[in-house]
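In structure tokens, the next block holds one chain alone, the form predicted on its own.
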Amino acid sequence: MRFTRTILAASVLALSAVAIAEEMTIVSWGGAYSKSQLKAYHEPWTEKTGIRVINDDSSAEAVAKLRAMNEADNVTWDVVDVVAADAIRLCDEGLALEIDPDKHLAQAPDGTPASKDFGDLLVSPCFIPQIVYSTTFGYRTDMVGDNPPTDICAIFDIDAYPGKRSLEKRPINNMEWALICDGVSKDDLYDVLATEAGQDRALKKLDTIKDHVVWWNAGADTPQLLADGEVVMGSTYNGRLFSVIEEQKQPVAMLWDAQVFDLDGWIIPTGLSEERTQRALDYIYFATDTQRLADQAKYISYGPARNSSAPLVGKHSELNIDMAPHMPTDPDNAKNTILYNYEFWADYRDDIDAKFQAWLAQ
């Protein structure tokens, strides 16, 4: 009997090893963004390797969950899509693998090393940038009358634009917009936000609309709220708004003013077996080459992070419209932007998060 149990246990372990070899868990944000990754990366990767990709839409909680997994010595994720500030934190805490771009990432087609092709977007030794995106606002064109908003401070103008707004349930971006609309210049923004007085000033400005806000956690929330007419305007990622405007043909328009530029990309968690680490590195090499990054722009309006990918951006795969004018980096869209401060939020995120959540609970 003991011999039989031993054989059975060995068989279960062998089957588990086979399952691990045949599938990998990739964590992202869901919605239109995950769909763009599915089409540009996951499906071609599975076709090439036979390895099945399991999608997990937990990127918003990536830092907390990876901390918990590491503490439990049970990391179940293989590749994780995170914003740059979260990648910096995970790298600093030893929870993300350091990458040598010229060893682990593909060259550009002309032989340019990956380190030069990605350039300044390599903001952390653990972070492989994928896209340039922005957080901005969409608004219902049928709810703003003959006076569509052109300025970010329309968010705080309840008289001109009555109705609910949707804002992300975290301080990032909300604090910046609040200070700008309270008279702080962009050049002084993070110097002010680094102080207790500046944080209180931002929260006091947000107090003026707090009763009119629907707070969101997932990027898909605002597009749905806009489509349902439950909010007059709301923040989300520009690619999500592209989907609701161009694909769903909802009465929604984009407000590009004071859009916040940011980077999104991959990290590989530490604590994986050698086999899983190598498989994750193979996936990263495949998914971040010049053509793959350009391919993602066929499905969503985010700019590819490689210089060599930009000239390859063409038309939408289904709508057959030129995608370049829908990118946040398009000159007409980028007349007034905020550059996200990765180092600031990596340093101040936990403290300001706690203060923001306490303010929400008041």
Partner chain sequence: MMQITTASPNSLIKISPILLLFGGGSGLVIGNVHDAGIVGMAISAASQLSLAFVYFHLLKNERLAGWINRLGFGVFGLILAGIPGGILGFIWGHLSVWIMYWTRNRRYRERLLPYLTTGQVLWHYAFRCLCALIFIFLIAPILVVMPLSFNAEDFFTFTDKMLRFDPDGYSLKHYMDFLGLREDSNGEWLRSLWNSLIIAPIATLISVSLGTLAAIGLSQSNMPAKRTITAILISPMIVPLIISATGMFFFYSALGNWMEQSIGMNKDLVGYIKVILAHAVLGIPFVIITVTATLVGFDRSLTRAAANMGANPITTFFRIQMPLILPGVISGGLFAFITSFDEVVVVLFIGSASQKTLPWQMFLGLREQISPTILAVATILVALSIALLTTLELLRRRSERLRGMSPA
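This is a predicted model, so every value here is computed, not measured. Residue numbers count along the first chain shown, from 1.
One more form of this protein exists, namely the form predicted together with its partner chain; it is left out here, but the text below deals with it.
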Open item on the list: Exactly one residue in Ala227, Val192, Ile158, Leu272 has a non-hydrogen atom within 4.5 Å of its partner chain in the predicted complex; which is it?
Closed with: Ala227
Task: Residue (of Asn307, Thr46, Ser317, Asn55) lying close to its partner chain in the predicted complex, criterion heavy atoms within 4.5 Å - done: Asn55
- [ ] Name the stretch, out of 329-337, 28-36, 307-315, 291-299, where some heavy atom lies within 4.5 Å of its partner chain in the predicted complex.
- [x] 28-36
TODO: Report whether the minimum heavy atom distance between Met69 and its partner chain in the predicted complex is within 4.5 Å.
DONE: yes
TODO: Although its partner chain is absent from this view, report whether Ala220 comes within 4.5 Å of it in the predicted complex, heavy atoms only.
DONE: yes
Open item on the list: Check Asp120 for me: does it contact its partner chain in the predicted complex (non-hydrogen atoms, 4.5 angstroms)?
Closed with: no
Task: 4.5 angstroms heavy atom contact with its partner chain in the predicted complex for Met323 - done: no
TODO: Please state whether every one of the three residues Lys65, Asp73 and Gln248 places a non-hydrogen atom within 4.5 angstroms of its partner chain in the predicted complex.
DONE: yes
